[in-house]
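First, one chain by itself in C-alpha cells, the form predicted on its own.
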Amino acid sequence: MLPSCFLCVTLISIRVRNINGADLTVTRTCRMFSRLKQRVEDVLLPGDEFSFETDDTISLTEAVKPEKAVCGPGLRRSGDRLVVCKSGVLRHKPPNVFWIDSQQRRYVPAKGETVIGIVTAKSGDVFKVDVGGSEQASLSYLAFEGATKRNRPNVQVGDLVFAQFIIANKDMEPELSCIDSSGRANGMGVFGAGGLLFRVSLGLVRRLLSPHNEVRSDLETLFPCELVVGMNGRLWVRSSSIQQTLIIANLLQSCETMTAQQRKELFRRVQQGAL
C-alpha cells in the first residue's frame, strides 16, 4: 500500500558539559511510537489522536537518531498531533508503517494503483472509463502495448479494462494507462469475456492482495479459477462453470464480515457439498 503522508518525529537533544568539561547529549525520547504500537489491532474512531509527548527519562550517554513514521490511509498529521480520520482497525508493518484498515467502499484514485474500469464512451482519441470514483478517468488509445496511430486497439463501449493510474490528484482529471514504464502490458488491457464482475469493500481487496493471504489460498484449493482484483473494490472471477463462478463470488462477498474460523468452516461445508 502506498503511504499517503510522512510523519517525522524529531527527538529533543540538548548539549551539556560534565564537571570535566566533556560534552554529553541529553535526549528525551518521544512516546508516540510506543503508544501507536500499543493500539495496534484496536478499533479506532475519527477524532482519536496521538500527541508528541516526551517521557520522563533522560539519557546522558546515548544519542537517539530522529525517527520517521509512514502514515497510510486513515491517519493525518495535524500540527504536533497524529489524528485518526477513518474508523477501523489500526495496522502496523515493521518497522514504522501505520494505517487504518476500514470497510470503506468509496474509492479515491491514487497514482500507481491498478483498477478495473468499464469503458463508457469514446471521445476522439480518448476513452472514458468508469472506475467507481467521483469522476470518470481518461484512457488514451496509445496507452496500450503495440498501439500506434495506424494500429489502434479494439476497445468497445462496455469492455472491461485492467489499468493503472498515471495521474491522480484533486486538481486534474484521472488518467489511466495499460502499459508499464517499459511499454509492456504486464497483464493489463482489455479482458472480461465469460466472467463475473462484482464489488466488495476496499478492506477485503487489500487482504486479497497481501502476499500470504489465506482467503485466496483456500479459494484456489477449493475451486481453480481466474481472479482479477482491482484496488477500486471491483473483482472479476471466472471458473470452469457458471455455477462455480457464482459460488466463488458469494464466498468472497461473505468473507468480508467473517472471522478466520467462520470462513474455514464455510469453505469446509462447501467442499463437502453441504451448501
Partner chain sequence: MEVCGSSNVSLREFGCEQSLLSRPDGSSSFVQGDTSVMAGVYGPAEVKVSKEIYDRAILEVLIQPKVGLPSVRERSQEQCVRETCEASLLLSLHPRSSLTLILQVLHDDGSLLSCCLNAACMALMDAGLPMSCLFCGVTCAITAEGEIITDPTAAQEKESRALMTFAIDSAERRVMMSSTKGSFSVHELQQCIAVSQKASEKIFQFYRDSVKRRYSKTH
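Model, not experiment: these values are computed from the prediction. Numbering follows the first chain given and starts at 1.
The following text describes the form predicted together with the partner chain, which does not appear among the structures shown.
- Proximity of residue 147 to the partner chain in the predicted bound form: non-hydrogen atoms within 4.5 Å are absent; the residue sits far from the partner.
- Of the heavy atoms in residue 164, none are within 4.5 Å of the partner chain in the predicted bound form.
- Though the partner is left out of this view, residue 224 does not reach within 4.5 Å of the partner chain in the predicted bound form, counting heavy atoms only.
- Proximity of residue 200 to the partner chain in the predicted bound form falls outside the 4.5 Å heavy atom cutoff.
- The listed set 152, 106, 93, 184 contains one residue whose heavy atoms approach the partner chain in the predicted bound form to within 4.5 Å, identified as 106.
- Annotation for 128-158: interface residues with the partner chain in the predicted bound form are 133, 134, 135, 136 [heavy atom within 4.5 Å].
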